[in-house]
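Heads up, the chain shows up twice below as structure tokens, two forms, tagged structure 1 and structure 2.
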Structure 1
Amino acid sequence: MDRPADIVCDALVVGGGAAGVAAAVELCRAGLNVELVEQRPALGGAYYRQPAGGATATRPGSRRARQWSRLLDELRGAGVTPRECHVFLGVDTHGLALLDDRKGGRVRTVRTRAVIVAVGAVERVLPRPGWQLEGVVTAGGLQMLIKESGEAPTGSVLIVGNGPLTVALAADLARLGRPAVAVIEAGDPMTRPSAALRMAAFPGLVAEAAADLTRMHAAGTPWLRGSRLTTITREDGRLLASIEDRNGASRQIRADIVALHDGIRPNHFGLPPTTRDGLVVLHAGDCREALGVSSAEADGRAAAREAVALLSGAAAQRHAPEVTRQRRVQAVLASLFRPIRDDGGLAALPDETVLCRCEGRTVGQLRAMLTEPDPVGAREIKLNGRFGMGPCQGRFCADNVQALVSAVRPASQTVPLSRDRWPARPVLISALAAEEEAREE
């Protein structure tokens, strides 16, 4: 006997960013009954993150704001009312999707024929000695804070890493009158003329990058290209970053906040794409392939069309020309920002470097496990070594752990630390109790 559900729909879209909103619109246009859920109090995702608590948007009237307004108009026109503050918990053994309604204080069940997961990308940050210290954050996280609050953080900021997001963050800080101490960039786009010329095929991105660079330089923020961060320590209540340039010369920079960024990667953690027991599960946008907001919107629409085809029993193959175009963009950007020096990667890190921040597990502890006489597998690394066992469940350390395993034992088979299941999320007991009481009634 089927378990009754609180909500019945044709398709459930998880994530209210560009991909999720675009998918919901396309599904509605195809005549499906759609539920769109977002864990935050407002739609927008990372790129279109909205101000909170009456804060002023950092870039009002910008191209970004106009694009988001267009998507919202499409969503309203399609008649979709999003469920905000609803956290997706996964799919239970009855095939019901579970939603933690944070406002209503209860867990709701959804019977659906399709789930489109559009939860965005995960920021990539490589371990460095001292990266676990208080005041060390991710550049993407800091950018989200600025978008939500409309204000710069208190204290001086040093931006470190690789890629165009570091320049965008520096421009945002300059716009708010709090320019960064410096931007430390591992690559040097100024020495890659051929890649720069290929960027001419994407004038919109070139114009946006030029504006960010102009604002950053006008604010007096140094752009130290071809440099890398070697260590972070704390001295007299502030962070002290040791920087090494392309020639091996060292310098130290003090800051209250160090923002790290090494790119973004798809958010593969969660339900695997599948069609099983009548339920279609698809991924869309940056959680499937991290290519940026234009690609995310196009892929969301393509995923919706694929879902419609699969639900009708037809063969389906996803196709979106904009996704192909954005792959070319990302390939050019990767060439443009390619690090100048090979620093040896994770294998060169000192033993005391923290690898798993949740559990405080170090590079040396993993190396010790890997050099034991009896080979250890992913299960032992996770259960005995505690790598990937913290609150993030390996979402931020699993890739680094696997990379170090491959470096220490090149012949070993790489086994993922995590399973293809939705990451566990904390749920109030009262919310679970409310769901049980509603079922009994």
Structure 2
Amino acid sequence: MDRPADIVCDALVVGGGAAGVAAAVELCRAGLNVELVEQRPALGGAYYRQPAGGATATRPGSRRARQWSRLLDELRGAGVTPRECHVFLGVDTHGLALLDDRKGGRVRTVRTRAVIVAVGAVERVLPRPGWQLEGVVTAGGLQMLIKESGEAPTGSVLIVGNGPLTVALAADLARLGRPAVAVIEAGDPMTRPSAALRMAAFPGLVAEAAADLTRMHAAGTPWLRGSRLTTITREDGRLLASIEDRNGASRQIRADIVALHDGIRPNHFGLPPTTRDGLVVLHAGDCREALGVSSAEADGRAAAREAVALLSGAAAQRHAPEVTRQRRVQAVLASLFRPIRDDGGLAALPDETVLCRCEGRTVGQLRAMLTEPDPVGAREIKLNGRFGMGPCQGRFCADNVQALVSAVRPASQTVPLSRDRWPARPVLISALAAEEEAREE
């Protein structure tokens, strides 16, 4: 017989960002017994990321800070005590949700009727030759670091990629007196007048973007639009980035840190996809559709209402007008930042480009496998090709591997490489084995 669960509740909410907190509040108000878990030491998520112990928030009293404290008040009012430093690992085959309690050093089991997964978005980063080098980071990761520490990293930063976040990071660095070397942008919003016009419908966003651009410009950071990075190499202890502009002319830029960013996408990695065996599983916020913070909060509340209905056996539909509105915003932004030219995507990458950084597996190795006469499937790409088999288990490479498979073998059906098997994250054996040891003593 299985041992009884450590925690029993009506609903488990995973993720302490806007969506998760809002969902927990609504579930609680509906009279359910709710557990809210967050992997980090504090709630906040990506947008409301809180400074780590001691550091001061970059801008207390800002609109962002006020919105967050309003959400926290609601949470307190509803009587939810969140569990921090608890990493959700997935749902096991007996329907138990598993949490890695990193402080307690053990895995806890949860028997629940519903799980609302609100784990946010992750950054999309496309492989580029040399991206596996030390010193290459993600722009969003760097932004989080700045939010937590209130400080800029040591060394010069080159920001590369696509989308508004690169400019936001450049503005943050400028604010801290450590402007970036340059921002390399694949798109060119200045040449998309129709999209720019549609932006006018969202004045708040325009004002924010204008402020960021002004700050970046004043700090002397050049915005090289319509350009892309072709390779990164290491030379004399620094990174050397080769940049190609829209006319194919190339130049080289040196930096200590290269921050990459190709947009954000829902984080659905290793998570239970849908309701099964009577356990209601819903996704909410950016992990359902990456539409920004106000949409995430609205979707969190809507997901909670949906869960309450489903648990009482009623039919349910997710309804949140703010989500629809933000979807329009994101569509405009996407056309504004659409890359100037097609660089051929993953299919154009040279063979030596590393695709799976954990195990150092390259584009060439995958190509070789895919061009064999026998049409290998997802399982063989993983098992025999060793793609997505390292510690990240595909978290960072599965999408790219998949994209390259579709590019090389467009005729084949798509092969899903991601997995919904627990543990969603590596977990210490001592934490998994702890309970049994205690029992045996």
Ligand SMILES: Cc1cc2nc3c(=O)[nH]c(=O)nc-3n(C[C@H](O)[C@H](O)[C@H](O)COP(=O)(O)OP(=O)(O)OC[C@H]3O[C@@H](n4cnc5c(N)ncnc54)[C@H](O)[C@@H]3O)c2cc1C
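The term rigid core refers to the most C-alpha atoms you can superpose between the two forms while keeping them within 1.5 Å. Here, residue number means position along structure 1's sequence, counting from 1. Note that the structure is a prediction, hence the values are computed from the model and not measured.
So which is it, 1 or 2, that shows the form predicted together with this ligand? The form predicted together with this ligand is the one given as structure 2; the other form is structure 1.
Comparing between structures 1 and 2 on the rigid core: C-alpha of Arg108 shifted by 2 Å or more? Yes; that C-alpha moves by at least 2 Å between structures 1 and 2.
With both forms put on the same core, how far apart in Å are the CA positions of Leu428 between structures 1 and 2? Between its two positions, the C-alpha of Leu428 lies 3.5 Å apart after core fitting.
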